[in-house]
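Take a look at this one chain, the form predicted on its own, written out in structure tokens.
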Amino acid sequence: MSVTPADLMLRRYAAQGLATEAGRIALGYFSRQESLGVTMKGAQDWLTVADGAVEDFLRARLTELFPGDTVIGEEGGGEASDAVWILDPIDGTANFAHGDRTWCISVGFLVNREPTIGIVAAPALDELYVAQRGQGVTLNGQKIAVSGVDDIGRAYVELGWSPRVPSQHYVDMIGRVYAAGGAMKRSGSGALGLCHVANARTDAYAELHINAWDIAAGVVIAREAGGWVSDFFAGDGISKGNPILCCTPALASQLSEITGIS
């Protein structure tokens, strides 16, 4: 499929506005914790009323504006196509449900399986990341870039955890990062994990399995900030997920060996 530069610009501006509006919807729920209607989809897999409300809003607006595009959302599913939006209405739902501000709305757009537009809104932190392939990335309108750290002994690494992978694999990876001299954190949002590499708050993010809606936007944001990102969308990445490694380029080789992600 061919999408013109004007088509992409229109989609980027539309997604930016929609993510901002969706952020206001989500904040309305977040400020009233009793309204969240928290349930569990599985072990440590949280769901709130806000997840559905935000996704329904984004899905309806994107379908109305771009009827030739398809939409995949964490809650409502969907089908991939040559022009597909991939949504996570609340990434970091456990944080959201517990009153922690580390959560976001992730809106990614792929053209011919290539991550092309990435919008991440973190309204509780008053942050909006906007990226388009080949056009750079901004945080609240200001350009951002990865740290450029080239020494694992100075690296601050975030490791995501997934119940879809045996916990011992995660524990072993933590041990290898520490043994190599790196420091580690976990914040509970894969989308923000990639954004934090992009704005140099961390030097790397890795997770042994993550779903496409968690990182479709973050991949564009990190790459446009100068980051190295593994080929997440290889194979069945869109439908079944994959491992992800995102880091400053000078750390890519060593972290690929440490995490087993290439």
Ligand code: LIP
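Residue positions are given as counts along the sequence shown, with the first one as 1. Bear in mind the structure is a predicted one, so any value in this text is a computation, not a measurement.
Below, we refer to the form predicted in complex with the ligand, which is not included among the displayed structures.
Of the candidate stretches 85-93, 109-117, 134-142, 148-156, only 85-93 has residues with heavy atoms within 4.5 Å of the ligand in the predicted bound form. Taking non-hydrogen atoms only, R186 approaches the ligand to within 4.5 angstroms in the predicted bound form. Using a 4.5 Å cutoff between non-hydrogen atoms, E207 counts as a contact of the ligand in the predicted bound form. Using a 4.5 Å cutoff between non-hydrogen atoms, S162 counts as a contact of the ligand in the predicted bound form.
Residue contact check for E224: none of its heavy atoms lie within 4.5 Å of the ligand in the predicted bound form.
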